[in-house]
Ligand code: CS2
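Consider the single chain below, provided in structure tokens and representing the form predicted on its own.
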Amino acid sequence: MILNKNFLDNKSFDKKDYNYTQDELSPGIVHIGVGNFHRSHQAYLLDALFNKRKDLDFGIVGAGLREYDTFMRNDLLKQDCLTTLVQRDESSTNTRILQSMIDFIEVDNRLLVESLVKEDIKIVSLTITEGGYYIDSYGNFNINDEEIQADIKNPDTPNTAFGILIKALKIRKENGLKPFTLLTCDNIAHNGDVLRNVMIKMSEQIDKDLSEYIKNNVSCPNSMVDRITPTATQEDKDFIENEYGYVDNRPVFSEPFIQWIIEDKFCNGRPALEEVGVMFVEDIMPYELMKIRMLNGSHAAISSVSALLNIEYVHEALEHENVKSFLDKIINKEVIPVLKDIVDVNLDEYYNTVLTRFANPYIKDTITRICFDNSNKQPKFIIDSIKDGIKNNVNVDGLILACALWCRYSTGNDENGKELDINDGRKDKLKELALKAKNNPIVFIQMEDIYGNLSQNEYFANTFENFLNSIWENGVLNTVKNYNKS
């Protein structure tokens, strides 16, 4: 049997833990970028709230802008937008069918605008990845990007998420409707501020009055999201069919841990998510910085070295003595010493939680996944820590070694000649520079949109060069071992 409403209506399905139905929901949120993470996180927490029979007018309507969103839409519509979420660790397996999404807009920008201007839409949330915000390593919005310029010149036929949102807000303003809150759920420092800056600067080039309206009336709260959600495999799909007797073509598997912290700044109402564990705060900064530097930073630190050592899963990376020691030294000696004066949280306990989560073998989080889009992740998760470490006179050799390992990884092959599965929009450019860096290391760190002016810092440049030369001359593992012993 295929997962759909008919399955939920089947008499054999145990409904005792399901206190609402999809038909009772009405749309209140449009979410752009429906991937596994959104469904394991926002959709899960909203399902939990709806199951308390609260705020049923905040049902989710999915949306997307790219061709691959069409495949997700088609699969989800076949199962009435239902999703099976399986949360697993070594001691438990909890499975739930989420009903919080009620529709998925056809991947058509005109139809998306029409949906966004409906009065009942109070929140537009986004998971469009770090690369979707057109920002450089300095945190500046690249307004000269071709796609952004095309929307500025043709505001009535936009193609970017921001052009579409600006057009929808203009129509709502003209129709006398309240604006929607823009809630980004992407892993970017001060993500709401980044989104707000993009919206204001882009709209300034289109309509100054509208830009002023957005500045004064549209809320973009900063938020911090956290739940490890790997890509579902065929084995995962088979698990559901074998254990529960139905087919879900888009299941989601995640760890039990979940965290969502949001600044309580909404301009058109919000669901009472605090009732299901969401934390609403005045300032997200301490929590966000801790998570970005220690959790995302840990993933970024072990991603390249693990790929080069032919390690398949994150939990296997932690079982590798030298990778685990490499990570421990970076976090304890280079990251925590800078954070401890900024964040009033027990950072040792937090890091232990991170390690426990990474070690969960049931997640099967792949090294390939954590290597994804590294050119956008490195500046936020590694390079910002390097800059702060240098500023605070903290030795950051391990973080610089992580940069050298990423350079070696970017050549596209490991030490045995095996091709690496590099999924990065800048793959070709990275490979070109990484190969040149074998003889002239400085060329790789001269990518200013990634490294800023770090190539001009003598300590950083010399350390990077020494590590990269060692990687080529002595090998990846020996270089990491030598760092661990230092």
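Since this is a predicted model, take the numbers as computed values, not measurements. Residue numbers here begin at 1 and follow the sequence given.
One more form of this protein, predicted in complex with the ligand, exists but is not displayed; see below.
Partner proximity in the predicted complex, defined as non-hydrogen atoms within 4.5 angstroms of the ligand, places exactly one of 161-169, 399-407, 75-83, 222-230 at the interface: 222-230. Between the ligand and the residues 380, 122, 369, 250, the one pair within 4.5 Å by heavy atoms in the predicted complex involves 369. Checking 296, 127, 87, 115 against the ligand in the predicted complex, a heavy atom within 4.5 Å turns up for just one residue: 296. Within this chain, residue 291 lines the site of the ligand in the predicted complex, having a heavy atom no more than 4.5 Å away. Mapping the unseen interface onto this chain, residue 203 falls outside it, with no heavy atom inside 4.5 Å of the ligand in the predicted complex. Although the partner is absent from this view, residue 304 stays clear of the ligand in the predicted complex, with no non-hydrogen atom inside 4.5 angstroms. Although the partner is absent here, residue 254 sits far enough away that none of its heavy atoms falls within 4.5 Å of the ligand in the predicted complex.
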